[in-house]
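Quick setup: one chain, the form predicted on its own, written in C-alpha cells, and binding and motion questions come after.
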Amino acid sequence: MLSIRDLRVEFESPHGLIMPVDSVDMDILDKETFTIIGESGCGKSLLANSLLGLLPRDAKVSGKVHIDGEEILSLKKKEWRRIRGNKIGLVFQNPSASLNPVFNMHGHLYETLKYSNKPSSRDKMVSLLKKTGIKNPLRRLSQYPHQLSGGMKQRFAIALGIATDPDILIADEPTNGLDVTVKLKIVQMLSKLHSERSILLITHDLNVAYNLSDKIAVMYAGELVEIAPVNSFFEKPIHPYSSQLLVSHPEKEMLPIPGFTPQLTQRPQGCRFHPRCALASRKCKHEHPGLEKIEGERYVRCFACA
C-alpha cells in the first residue's frame, strides 16, 4: 500500500543544513493502522506533511515513497492534486487553525469534494457527517467553525479527511486537547474507520496508540528507533528510549526521561540517544546504529539491543 525508503527532509538554516526527518524506512499495509509516537519536535508531523507535498518551498525532500506501486515524490506540482484526497487524506493536528472561518460546513465539504472531482450532493455531505457521529447533520451544514465545540470540530475535520474516500488517512494528533469523554468517542470512530482504509496515526497519547494500532514506530531526533506489532511493543519495548517513554506515562511510573531532546543543529555523534541512555557504551558515542530486524516484524536501532 505505502512504502517509504530513505525519506529525508532538509532545510538550510543560518547554522547550516538541518535534517528534521532522516533516512526513514517504513511500510503501511492495506487496512493497517501504523502509529508513530515520540516526543514533540522529533519530526512526526513533518514526515506526514512530506507525504502530501505540504512542506515549505525551502524544504528539500528526498528518498522514495510509493503508493500502490507509484512513486510520488517525483510528481510535478499539478500532479499532486491526484494524490491529495484521492490517495491520501489528512486530518490536521489543530482543526481550529485548519478550518476556514468564512466557510460553513457545507462550504468546506463542497470545496473538498470539488477539488478531488467527487460528487458533492447534500445527501453525500449528510452521510459523511452521520458517519463521524455528528447529530442533526442537515442543520449542522449551515454552521461555521466558531459555532462548533472542540469535539465537533475534530469530528468535522475527520469527515473532511475521509470525504474523498482516500486509500490512506493520515491522522495527526486527532485527540489532542479533547476531554476524556470526547476523546473516547473519537477513538471509537477511528476504530471503525480502521476496517475501511489504512491509517497513519501520529499521537503522544499512548492509550490511543494502544487501542487503535496494528504497529507502533518510535521516532527520536528525526529517525525511527523501533518498529513493532502493538502488543509486542507494549509488553516488552526493546529500545532504551521506548522503555523510558512508556514509564514516563502518567498511568505508569511517570518517570521523566533524563536530559533533553537534541536540537536540530546539535545532534550528537553516534547514536542520537546515547547522552540520555543508561546502556550507552563507547561504541554508541562514536558509531551510528542502523535500524536492524531482530525478530519477526520487530526492528530496532540500538547496538545494545540488536
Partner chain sequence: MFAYLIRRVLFLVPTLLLVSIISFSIIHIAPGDPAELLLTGPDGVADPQVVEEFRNEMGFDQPFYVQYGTWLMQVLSGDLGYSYMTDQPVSKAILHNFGATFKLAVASMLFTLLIAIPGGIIAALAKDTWKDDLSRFFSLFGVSIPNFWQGYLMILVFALFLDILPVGGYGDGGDLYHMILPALTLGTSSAAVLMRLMRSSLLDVLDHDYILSARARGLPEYIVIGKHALKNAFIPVITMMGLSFGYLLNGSVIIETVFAWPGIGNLMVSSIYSRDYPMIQGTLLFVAGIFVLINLLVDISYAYLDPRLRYDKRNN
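Numbering follows the first chain given and starts at 1. Values in this document were obtained by computation on a predicted structure and should not be read as measured data.
The form predicted in complex with its partner chain exists for this protein as well; it is not shown, and the discussion that follows is about that form.
- In summary, the region of this chain contacting its partner chain in the predicted bound form, judged by heavy atoms within 4.5 Å and restricted to 236 to 244, 30 to 38, 46 to 54, 268 to 276, corresponds to 46 to 54.
- For the options 232, 207, 98, 120, the one in contact with its partner chain in the predicted bound form, meaning a heavy atom within 4.5 Å, is 98.
- The contact with its partner chain in the predicted bound form, taken as any heavy atom within 4.5 Å, belongs to 146 out of 192, 135, 124, 146.
- In the predicted bound form, its partner chain sits within 4.5 Å of a heavy atom belonging to residue 92.
- Among heavy atoms of residue 164, some come within 4.5 Å of its partner chain in the predicted bound form.
- Contact between residue 175 and its partner chain in the predicted bound form is not found at the 4.5 Å heavy atom cutoff.
- In the predicted bound form, its partner chain sits within 4.5 Å of a heavy atom of residue 111.
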